[in-house]
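Read the single chain below, which is given as structure tokens and is the form predicted alone.
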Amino acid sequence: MGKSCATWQGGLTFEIDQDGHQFIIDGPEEFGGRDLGPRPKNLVLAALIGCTGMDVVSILDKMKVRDFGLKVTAEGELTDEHPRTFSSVKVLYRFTGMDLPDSKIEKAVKLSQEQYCGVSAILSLSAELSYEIIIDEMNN
């Protein structure tokens, strides 16, 4: 079970204590913030790529795929009307390495997106989720 606490620091700034880890969230200056930390909605994207990234590396480890690099990014489109929520989110998985097994990578990503990632499951209730896999083969 997770636990989070937000302590107001003035303006739109809050110090977050999440499971014993502290960080700042804030708003942009044009809305009264001081731009001291990430925006709350964008942390949803961070949660998504962290969740699915952890799934994918764990699944690939079980498949004995270990020698690779992975960068996961996400971009979300917001609705025009309030409350502004993500209407769509695209996740990009970029793998780097030598002789990477395409089929295992595709299976790991699909399992994460469709079965294991709880953040994907939550977001899929209100947004269209899609993903793309890019494999950059490195040479000796």
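All residue numbers are counted from 1 along the displayed sequence. Everything numeric here is computed off the predicted structure, so don't read it as measured data.
Although not depicted, the form predicted together with another copy of the chain is the subject of the following passage.
S.K.: Do residue 54 and another copy of the chain share at least one heavy atom pair within 4.5 Å in the model of the complex?
M.R.: Residue 54: yes, in contact with another copy of the chain in the model of the complex.
S.K.: Using 4.5 Å between non-hydrogen atoms, is residue 126 touching another copy of the chain in the model of the complex?
M.R.: Yes - in the model of the complex, heavy atoms of residue 126 and another copy of the chain come within 4.5 Å of each other.
S.K.: Given that the partner is absent here, does residue 84 sit within 4.5 Å of another copy of the chain in the model of the complex, heavy atoms only?
M.R.: Output for residue 84 is yes: heavy atoms within 4.5 Å of another copy of the chain.
S.K.: If you check in the model of the complex, is residue 100 within 4.5 Å of another copy of the chain, heavy atoms only?
M.R.: Heavy-atom contact with another copy of the chain at 4.5 Å: absent for residue 100.
S.K.: Though the partner is not shown here, which residues of 28-44 have a heavy atom within 4.5 Å of another copy of the chain in the model of the complex?
M.R.: Going through 28-44 in order - heavy atoms within 4.5 Å of another copy of the chain in the model of the complex - the hits are 35, 36, 37, 38, 39, 40, 41, 42, 43, 44.
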